[in-house]
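For reference, the chain that follows is the form predicted on its own, supplied as structure tokens.
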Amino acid sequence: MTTDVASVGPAPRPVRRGLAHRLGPLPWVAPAALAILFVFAYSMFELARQSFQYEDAWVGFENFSLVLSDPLFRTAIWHNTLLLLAVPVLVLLALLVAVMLFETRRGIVAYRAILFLPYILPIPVIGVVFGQLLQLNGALNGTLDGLGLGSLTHDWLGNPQLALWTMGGVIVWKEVGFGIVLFLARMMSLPEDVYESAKLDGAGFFRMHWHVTIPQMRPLVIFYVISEAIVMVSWVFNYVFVMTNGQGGPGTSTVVTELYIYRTAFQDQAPELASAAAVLLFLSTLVLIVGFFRVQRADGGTFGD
């Protein structure tokens, strides 16, 4: 059997990819990347440089030593650590409410909007409102007195033993809506046949969600845990500043690292020490971010998997 060479034709030429194709999306993201690099990288460089100086003289790690030996800074770190206890509370509340809405379905859009509303409210507004509600003569204690529950009234923001926990409760009230919407959206995207199979196998409410729903949401739960841990470590300044008039009181009962940095820089006029404290706060936040990506890589999936 012979092959007609003429019918075969010339071999196809390799397609030459142009420069634009080889660069891909790089030209489009380059302007934004350069802007971010200039704003953040330069700022971080200046912050790090100032943390090693005092009046333009190089002092090495002396600023860090002074900050770490400051009892107020250690108190602020301890308060941020205590606020981390709110993270598991947030996860449990968000999962519980999301599961209840997922099972109910009726009115889910309205409930979801109501529960998400606190999350989109500005923190200063929340701080002012709750600062008024939780005063000794505020609306909360007035309501408790009116219901005959006067024994439950407290000076929620004026008692050093209660102030930090009260503030943590306000943060939970605001942040839980994000977790509810996040988890509920993931639950509604899960295949229905998995739940049908679980019901046919005799799985009850608790067993079905514990063994079916939660394992498939693990990457999303980890993301929520890390993001809320970052909030408790480095995003609570506005709450404390507004609700305590920038003092972190009563006494030092609600001083957090961000407030310590602010007071050191602008009230104590010690920008070098504030820079050192800011670098330490940045490193602690970076550890959380790196930890999240390592766990995510170990899972080998994305949020939607």
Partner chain sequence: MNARRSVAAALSAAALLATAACGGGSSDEQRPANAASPQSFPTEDVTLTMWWWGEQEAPGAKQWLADTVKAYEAKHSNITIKTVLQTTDGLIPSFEAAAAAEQGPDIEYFWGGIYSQQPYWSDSIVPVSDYIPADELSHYTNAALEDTYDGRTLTAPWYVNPQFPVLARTDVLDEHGLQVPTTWDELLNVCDVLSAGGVTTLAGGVKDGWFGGWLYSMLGAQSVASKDDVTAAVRGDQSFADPNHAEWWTRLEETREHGCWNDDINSLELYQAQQRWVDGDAAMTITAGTDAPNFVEKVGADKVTVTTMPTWGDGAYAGKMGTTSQTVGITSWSKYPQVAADFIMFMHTPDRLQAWYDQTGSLPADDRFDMSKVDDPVKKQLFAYAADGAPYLENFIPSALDGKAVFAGVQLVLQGSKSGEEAAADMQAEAERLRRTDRSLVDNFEGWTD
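Just so you know, these numbers come straight off a predicted model, no measurement behind them. Positions refer to the first chain, counted from 1.
Beyond the structure shown, there is the form predicted in complex with its partner chain, which is absent from this document and is the topic of what follows.
Undergrad: For its partner chain, considered in the predicted bound form: do all three of Thr81, Pro88 and Tyr239 come within 4.5 Å of it, counting heavy atoms only?
TA: Checked in the predicted bound form: no contact with its partner chain for any of the three.
Undergrad: Considering its partner chain in the predicted bound form, find the one stretch among 212-220, 88-96, 155-163, 193-201 with heavy atoms no farther than 4.5 Å from it.
TA: In short, 155-163.
Undergrad: Considering only heavy atoms, tell me if Gly107 and its partner chain come within 4.5 Å of each other in the predicted bound form.
TA: So Gly107 does not count as contacting its partner chain.
Undergrad: Is Leu149 close enough to its partner chain in the predicted bound form to count, meaning some heavy atom within 4.5 Å?
TA: No, no contact at 4.5 Å.
Undergrad: Taking heavy atoms only, is Thr257 within 4.5 angstroms of its partner chain in the predicted bound form?
TA: The answer is no: Thr257 has no heavy atom within 4.5 Å of its partner chain.
Undergrad: With the partner left out of view, is Met243 within 4.5 angstroms of its partner chain in the predicted bound form by any non-hydrogen atom?
TA: Contact check for Met243: yes, within 4.5 Å of its partner chain in the predicted bound form.
Undergrad: What residues, if any, in 233-252 have a non-hydrogen atom within 4.5 angstroms of its partner chain in the predicted bound form?
TA: Contacting residues: Met243, Thr244, Asn245, Gln247, Gly249, Pro250, Gly251.
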